[in-house]
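To begin, one chain is listed below as structure tokens, in the form predicted alone.
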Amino acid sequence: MHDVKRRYVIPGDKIAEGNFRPLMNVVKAGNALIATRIGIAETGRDGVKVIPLSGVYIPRVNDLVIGKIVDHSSLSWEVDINSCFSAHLPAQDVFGRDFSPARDDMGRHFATGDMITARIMAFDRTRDPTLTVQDRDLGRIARGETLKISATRVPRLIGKRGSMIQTIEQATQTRVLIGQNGIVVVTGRTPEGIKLAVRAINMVEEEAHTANLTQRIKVLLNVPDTPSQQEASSAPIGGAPRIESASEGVEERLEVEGEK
């Protein structure tokens, strides 16, 4: 395996020189690779990237997010998506094109305080993002423990091929919904399992930039590092277990950070 060099950088720092490909939060100036964010720079065979230590969630079209209904007008619901932008879910998206404010009761579908999974349908930074709940597994979340992490930590919480979140779910007998906006909802069979999963998720957020994090998570969850597990972690993508609901597709959209 090729070595990956890591170091802390701030915007403007020169990370490397040469024929490297700029991957994430990096620009090329002549023959130099320059950091554009505060974080940990990684230089490897695939190129150069900076893993940000913090950051505000900026919506992108097709992002899967978890949000809270905070209000509604006669035509749409206002949704808090943990961003500097407030999102809107059009009533027509839920009722159909024949929606009538005079006839249809919006409160029958979503009430203030409801948590929902949704997809960013439209966003161009000139107006607030528009959501849809028409895709599979989207809509109201019936129950669960909700917590908020930095959106920059989402790839690390998922792990390569879903390895980290699979470890947490299996060890705690929980299901974890992860929005690309950093909102996480945990459901489980027992309060103890949910509490342990939340503790592990918080540990991932706090220590995402450190080495050997997966091993420390396994120690926290009392998961033995058996040969069969090591083989499973190196299995092809097609054999990886399914990531629940809002987590699906996140790995394809975001750079996956750190070790397994």
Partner chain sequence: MSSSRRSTIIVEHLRKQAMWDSLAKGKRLDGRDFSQQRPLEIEIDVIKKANGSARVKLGDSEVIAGIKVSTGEPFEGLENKGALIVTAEVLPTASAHAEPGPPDEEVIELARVVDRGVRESEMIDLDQLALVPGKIVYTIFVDCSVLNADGNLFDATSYAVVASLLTGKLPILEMKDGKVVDTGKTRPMPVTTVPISITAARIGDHVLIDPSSEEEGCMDARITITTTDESFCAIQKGSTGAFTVEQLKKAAETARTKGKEVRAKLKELENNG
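Numbering follows the first chain given and starts at 1. Keep in mind that what you see is a predicted model, and the values were worked out from it rather than measured.
Another form exists, predicted in complex with the partner chain; not displayed. Remarks below refer to it.
Chemist: Can you work out which of Gln170, Gln92, Thr112, Thr190 has a heavy atom no more than 4.5 Å from the partner chain in the predicted bound form?
Modeler: Contact with the partner chain in the predicted bound form is made by Thr112 alone.
Chemist: Taking heavy atoms and a 4.5 Å cut-off, does Pro155 contact the partner chain in the predicted bound form?
Modeler: No.
Chemist: So in the predicted bound form, does any heavy atom of Asp104 sit within 4.5 Å of the partner chain?
Modeler: Answer no; every heavy atom of Asp104 is more than 4.5 Å from the partner chain in the predicted bound form.
Chemist: Quick check on Asp137: any heavy atom within 4.5 Å of the partner chain in the predicted bound form?
Modeler: Close contact is absent here: in the predicted bound form, Asp137 is far from the partner chain, nothing within 4.5 Å, heavy atoms only.
Chemist: With heavy atoms only and a cut-off of 4.5 Å, decide whether Val70 touches the partner chain in the predicted bound form.
Modeler: So Val70 counts as contacting the partner chain.
Chemist: Only one of 161-169, 141-149, 174-182, 92-100 has heavy atoms within 4.5 Å of the partner chain in the predicted bound form; I'd like to know which.
Modeler: In short, 141-149.
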